[in-house]
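So this first bit is one chain, no partners, the form predicted alone, shown in structure tokens.
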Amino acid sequence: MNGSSLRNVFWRRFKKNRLAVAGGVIVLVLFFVAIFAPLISPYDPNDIDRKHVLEAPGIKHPFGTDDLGRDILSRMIWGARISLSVGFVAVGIATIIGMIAGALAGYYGGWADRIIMRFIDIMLTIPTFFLILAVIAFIGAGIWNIMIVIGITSWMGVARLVRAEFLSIKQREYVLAARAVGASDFRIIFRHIMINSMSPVLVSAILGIAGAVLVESALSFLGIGIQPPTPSWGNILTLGKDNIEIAWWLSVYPGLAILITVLGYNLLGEGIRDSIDPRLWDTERR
């Protein structure tokens, strides 16, 4: 198949997968909300209104207010921007580190492969969330610190995927031909192999965004993530915990936002993985 035919098969299979399409719609809506937060937010997320403290959902405040009278809908809209920013930056860092490590291990093999893979094995034995907690406790809870820490503790899966792809692709004819004509290792790695191993990396990155959003929300819920007054779904949930008996909306709405976001990215990632798998294309033709 040529490139155009592959794209056509991909889109045909993707559009048939209703769950994947639903996930794509959820992700697009989240992008829209995050990008246009200043335009669609009904109030400033940090505006305090002492006359409407812990007000139940109504016409003026559709998602209610918190213990300072701040509008929860506005804070959730701005919180989407924070959560998705953390997800994308953290996954970007993890993907870059994982691709470099996996490429070196898979292409060169030998001692490079052994050292990198043993280091990955060591990293995988450490509970990631507790490692993040320990690092955040030392360096502080700023948004950039959280992005970086999540990124540098989440690259191992990408590295293993890329290594496996390199071990397979580096033995193919076009790579051997490039090596025979004197192409440099840098050119072979990034021009001939890396570009052909991006499909599983793309799927891993999409699924990783959901995981990063969950980690950021958990850190904020524990009070060591995004700090008030900056709105985050996790720190809104913390207020919900403190007022669970009298303000159910502080727990329900951010909890649903996290659930829908993670579900959307997982559905989209699974749908893309199914749509780009050539083995399923062969099954479909038969």
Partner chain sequence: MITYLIKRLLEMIPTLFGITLLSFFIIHLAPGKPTDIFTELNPKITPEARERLEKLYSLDKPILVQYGMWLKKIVRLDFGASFSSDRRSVMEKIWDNRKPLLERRLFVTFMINLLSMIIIFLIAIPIGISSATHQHSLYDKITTTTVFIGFAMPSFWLALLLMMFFGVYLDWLPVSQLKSMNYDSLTLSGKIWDLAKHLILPIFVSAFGGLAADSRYMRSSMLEVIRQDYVTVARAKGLPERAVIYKHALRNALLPIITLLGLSVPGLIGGSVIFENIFGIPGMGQLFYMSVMTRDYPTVMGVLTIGAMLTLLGNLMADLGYMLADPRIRAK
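The structure presented is a predicted model; accordingly, all values stated were derived computationally and were not measured. Residue numbers count along the first chain shown, from 1.
Although not depicted, the form predicted in complex with the partner chain is the subject of the following passage.
Contact annotation for the candidate site: F10, A159 and M194 all lie away from the partner chain in the predicted complex (no heavy atom within 4.5 Å).
Residues of just one listed stretch (112-120, 161-169, 74-82, 174-182) have heavy atoms within 4.5 Å of the partner chain in the predicted complex: 112-120. Distance criterion of 4.5 Å from any heavy atom to the partner chain in the predicted complex singles out G255 from the list P228, P57, G255, P45. At a distance threshold of 4.5 angstroms between non-hydrogen atoms, W248 is in contact with the partner chain in the predicted complex. The partner chain in the predicted complex is approached by F130, whose closest heavy atom lies within 4.5 angstroms of it. Although the partner is absent from this view, V262 contacts the partner chain in the predicted complex, with a non-hydrogen atom inside 4.5 angstroms.
With a 4.5 Å cutoff on heavy atoms, L30 does not count as touching the partner chain in the predicted complex; it lies far away. Contact residues in stretch 120-148 (any heavy atom within 4.5 Å of the partner chain, taken in the predicted complex) are I122, M123, L124, T125, I126, P127, F129, F130, L131, L133, A134, V135, A137, F138, I139.
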